[in-house]
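Only one chain is given next, in structure tokens, and it is the form predicted on its own.
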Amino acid sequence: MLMEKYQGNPIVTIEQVPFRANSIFNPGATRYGNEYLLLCRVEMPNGRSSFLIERSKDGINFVPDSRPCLTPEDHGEFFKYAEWGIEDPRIVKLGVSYYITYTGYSKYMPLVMLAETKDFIKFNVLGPISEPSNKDCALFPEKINGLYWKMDRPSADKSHNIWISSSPDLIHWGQYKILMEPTTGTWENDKIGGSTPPVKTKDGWLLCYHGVRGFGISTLYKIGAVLLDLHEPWKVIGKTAEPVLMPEKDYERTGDVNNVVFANGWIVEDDGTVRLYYSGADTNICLATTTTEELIKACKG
């Protein structure tokens, strides 16, 4: 594997959460001030998810806040789209604000929600930026050709592909283009979806994505990487032929959903070191590391 799993995994478990909850997993990740910050999905006892912040000085040892920072009930006029839970946040800084794309779940099926914060204390929920059924959305961290861009994964019949679109204001989206499709007969045969927000490198926009393949009566979730053109981000330069992370350890094999590694947050350090925060079996939070150089090399391989 191109990614080295931290020997002390998992780094966050439900036992550390200071209130009653079923599980903690699938965090967005960012640097905020002098801290590493994880915005984690916490499934509450009623089975509906909220977001909880975990903070760290070293990116390994995290301490949770005392209560969730964003709940379905905090969504005001948009509550009906998030009544059954909010899930799988991805964080991008644009200007002085941090924008969070996440899944709102309700009787209307999953759709993409957008919220904005400057301090991770107050959150301004801007509402849905997709129709259902859609999820796995990540924003690009800067404008390209004068526009904002996002990737997401709409579901149509049995089709689960990654699409890209643009916007003048983060609210109104158009110019939809297909970005990636599953490669038949491989580890991503059944469906794919975006994982991490893209990061800008001299070689292109680099990001991780997940692939799913049926295996007996179960499914396997693995993670790959892809490189997109800097100026025309709907063009794929290359992607990894093999997964860069896959479920191998007991904490990835057994849990609420078996045989899953799933990520929607990473932090890339100034020296190119990559910290991928991922979950094993939808039950915990783990850490894996690599470098942008190694991922780019594998994408071009």
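A quick note: this is a predicted structure, and the numbers were derived from the prediction, not measured. In this text, residue numbers run from 1 along the sequence as written.
We do not show the form predicted in complex with ligand BMA, though everything after this point is about it.
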{"item": "Ligand BMA contact in the predicted bound form: Val260, any heavy atom under 4.5 Å", "value": "yes"}
{"item": "4.5 Å heavy atom contact, His160 and ligand BMA in the predicted bound form", "value": "no"}
{"item": "Residue contact check: Lys135 to ligand BMA in the predicted bound form, 4.5 Å heavy atom", "value": "yes"}
{"item": "Any non-hydrogen atom of Asp152 within 4.5 angstroms of ligand BMA in the predicted bound form", "value": "no"}
{"item": "Interface segment, criterion being heavy atoms within 4.5 Å of ligand BMA in the predicted bound form, picked from 65-73, 50-58, 239-247, 260-268", "value": "260-268"}
{"item": "In the predicted bound form, the residue from Tyr102, Tyr81, Tyr221, Tyr209 that sits within 4.5 Å of ligand BMA by heavy atoms", "value": "Tyr221"}
{"item": "Interface residues of 92-131 toward ligand BMA, as seen in the predicted bound form [heavy atoms, 4.5 Å]", "value": "none"}
